[in-house]
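There is one chain below, alone, in structure tokens, taken in the form predicted on its own.
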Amino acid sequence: MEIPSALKQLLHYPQNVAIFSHRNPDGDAIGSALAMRHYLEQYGHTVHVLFPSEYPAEFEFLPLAEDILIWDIHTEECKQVLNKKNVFIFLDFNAISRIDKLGEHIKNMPGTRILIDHHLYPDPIADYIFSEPAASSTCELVYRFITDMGDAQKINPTVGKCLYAGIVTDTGSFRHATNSTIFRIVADLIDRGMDDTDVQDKIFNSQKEKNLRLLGHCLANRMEYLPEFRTAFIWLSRKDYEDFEIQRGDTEGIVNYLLTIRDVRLAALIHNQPTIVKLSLRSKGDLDVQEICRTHFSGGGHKNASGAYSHDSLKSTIQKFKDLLPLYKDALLKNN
């Protein structure tokens, strides 16, 4: 990516920086934000990372994760910190609505805004926009941003650990959204001292007993398979949330198990949250779930991984999802 000289000059001298990522942050959001913080602090910047809501416990091992400010919890502290900031960096989202009340608070604040993201259709919310939907992850783009700043030597094992956490999770352990560049990047991170085995162990081997029981319940009691549409979905009710004490992040990755069925091309997790019904869609090949989410459920994301929501009941949302399948039958039955 081509970085303007004015931006290079700005970031090569200490600033007061705020880094943001989206509500319900995933590995790419957390990894990119912390990697950027560790990079910028090497230049003497004062940096804070702020999220609208909490992040999953499996990412607590990332260096300085404990310092992340959560608007839902630390509202007043967030306000005090933001009053001193003059640089705002948006990572892994491309619309100010994705950071909820944080976005409302900073909307009219003076300062330079930088966006680095790989989602489709970015809003013009920043002075400098680095948007590449073809990228595997925002962490890939942060790596390229740092190197194109002329600072490859600042990608130390700590920065590498954070970047790899986002890359490995957003690619589903390199099962999708990959490209030749990402493998070269990971090789470079390993050469620079990043322990990839340790990062994967901490992310994927840190489940609680209840998470395995929840997965078993989903597959045994909440999975529906529709072979005529090469589709499978799992649904969860509010009672399921109570019975399994489901918390933020506990359902992460469950939808991906449906794609392990040989003939399934479309997978969905449809779950009843306190005020909305949330949908997480995944697909194989050229099937565009982003278009499905955007057209029918006010959502969006990536071609093979997107999210959406519904204000209808769980039952009505499930029926709407099923009723849509005939519209996409040709694409679902296509062999690719």
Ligand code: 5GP
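When you see a residue number, it is the position in the sequence shown, counting from 1. This one's a predicted model, so the numbers in the text were calculated from it and none came from an experiment.
There is another form of the same protein, the form predicted together with guanosine-5'-monophosphate; it is not shown, and what comes next is about it.
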| property | result |
| --- | --- |
| Exercise: Y309 in contact with guanosine-5'-monophosphate in the predicted complex, heavy atom 4.5 Å | yes |
| Non-hydrogen atom contact D250 with guanosine-5'-monophosphate in the predicted complex at 4.5 angstroms | no |
| H48 within 4.5 Å of guanosine-5'-monophosphate in the predicted complex, heavy atoms | no |
| Interface membership of S280, guanosine-5'-monophosphate in the predicted complex, 4.5 Å heavy atom rule | yes |
| Among the candidates R222, R98, K85, R144, the residue which, in the predicted complex, approaches guanosine-5'-monophosphate to within 4.5 Å (heavy atoms) | R98 |
| Position in contact with guanosine-5'-monophosphate when the complex is considered in the predicted complex, options H119, H105, R113, K202, heavy atoms within 4.5 Å | H119 |
| Contact segment among 294-302, 31-39, 66-74, 50-58, judged by heavy atoms lying within 4.5 Å of guanosine-5'-monophosphate in the predicted complex | 294-302 |
| Those residues of 14-39 which, in the predicted complex, come within 4.5 Å of guanosine-5'-monophosphate by heavy atom | H22, R23 |
